[in-house]
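So this first bit is one chain, no partners, the form predicted alone, shown in structure tokens.
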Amino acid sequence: MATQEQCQVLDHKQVGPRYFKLTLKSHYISTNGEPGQFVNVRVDNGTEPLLRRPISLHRINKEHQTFELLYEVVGEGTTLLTKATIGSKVDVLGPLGSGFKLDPAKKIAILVGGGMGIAPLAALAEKLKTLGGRAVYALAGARDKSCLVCEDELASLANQSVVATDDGSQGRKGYVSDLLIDLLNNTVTQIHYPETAIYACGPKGMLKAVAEIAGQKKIACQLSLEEKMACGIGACLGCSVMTINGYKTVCKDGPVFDAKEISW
């Protein structure tokens, strides 16, 4: 169940040309939040912008009762959020949505992040590392070097990490889905597929490609969808997507779905 609370800002720093990391204090959200879930943030105390901003849980620290949000400045709301100062409080509603589901039988985890899709995968990698007994591969992709963010952080939590950029300015030139194909052809081979799970977050085109690869290889796959959200609780239906079971809301039924469920 989500709660609304004033969370104290413990840290707030710029980590890339348009990227910021915000660390907030909350016993409830750090205790109940799971990788893949998100919070809805009120970026200003005024009436503009009216709507909150949905942001994935990037890291969750139950011991210190904190959580981190990694966000990109894309408009008025996130520009206002950059002004939150250490020691101030931010109005947060969460945790919201349905996160990644972990199957104990899956001993190999492949994390695939495109652009800001890397944000929720750090919390997932951290949880997988804590559980132990799993090999974790992290694949990160972006348009160019300037759009890669916190890839080192994700790499530190994985057994192996590889980066690709569309223009080749960092890592391999190509798409992150190319990295996935290479990994499945050369390292995590067919004999391992039954014990493998893919977890992906990023743009729709990337997620579709990942879902197709997983389907062809018959590998379990969960996707965290990126859609524009308004209410964050499934009331406005603004983030509805078509599934094999009809329309579902990304904010309430997702954002994480089984890849087989999505109708592309």
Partner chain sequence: MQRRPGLRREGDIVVELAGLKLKNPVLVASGTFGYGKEFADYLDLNKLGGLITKSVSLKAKEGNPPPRIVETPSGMINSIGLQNEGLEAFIKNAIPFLAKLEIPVIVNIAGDTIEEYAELAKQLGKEKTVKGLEVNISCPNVKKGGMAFGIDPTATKEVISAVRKATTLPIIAKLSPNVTDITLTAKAAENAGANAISLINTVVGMAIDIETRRSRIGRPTGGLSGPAIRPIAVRMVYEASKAVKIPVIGIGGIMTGSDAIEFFIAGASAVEVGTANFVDTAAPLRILKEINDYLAKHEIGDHHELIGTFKE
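Just so it is clear, the model here is predicted, and its values are computed rather than measured. Rigid core here is just the name for the largest C-alpha set that superposes within 1.5 Å across the two forms. Positions refer to the first chain, counted from 1.
Keep in mind the form predicted in complex with its partner chain is missing from the figure; the text below concerns it.
Here is the short version: of Ala125, Ile118, Ala142, Leu96, the single residue with a heavy atom within 4.5 Å of its partner chain in the predicted complex is Leu96. Proximity to its partner chain in the predicted complex, taken as a non-hydrogen atom within 4.5 angstroms, holds for one residue of Val210, Val39, Met229, Leu70, which is Met229.
Contact annotation: Pro203 falls outside 4.5 Å of its partner chain in the predicted complex, judged by heavy atom distances. For Glu63, no non-hydrogen atom is located within 4.5 Å of its partner chain in the predicted complex, even though that partner is not displayed.
In the predicted complex, its partner chain sits beyond 4.5 Å of every heavy atom of Gln8. Proximity of Gln216 to its partner chain in the predicted complex: non-hydrogen atoms within 4.5 Å are absent; the residue sits far from the partner.
The candidate site formed by Ala2, Glu48 and Tyr247 is fully in contact with its partner chain in the predicted complex, as each residue has a non-hydrogen atom within 4.5 angstroms of it. Residues with any non-hydrogen atom within 4.5 angstroms of its partner chain in the predicted complex fall in just one of 193-201, 216-224, 54-62, 40-48: 40-48. Heavy atoms closer than or equal to 4.5 Å to its partner chain in the predicted complex belong, across 232-250, to the residues Ile233, Gly234, Ala235, Cys236, Leu237, Gly238, Ser240, Met242, Tyr247, ordered by sequence position. Core-superposed comparison between this form and the one not shown: CA of Gly238 displaced by 2 Å or more.
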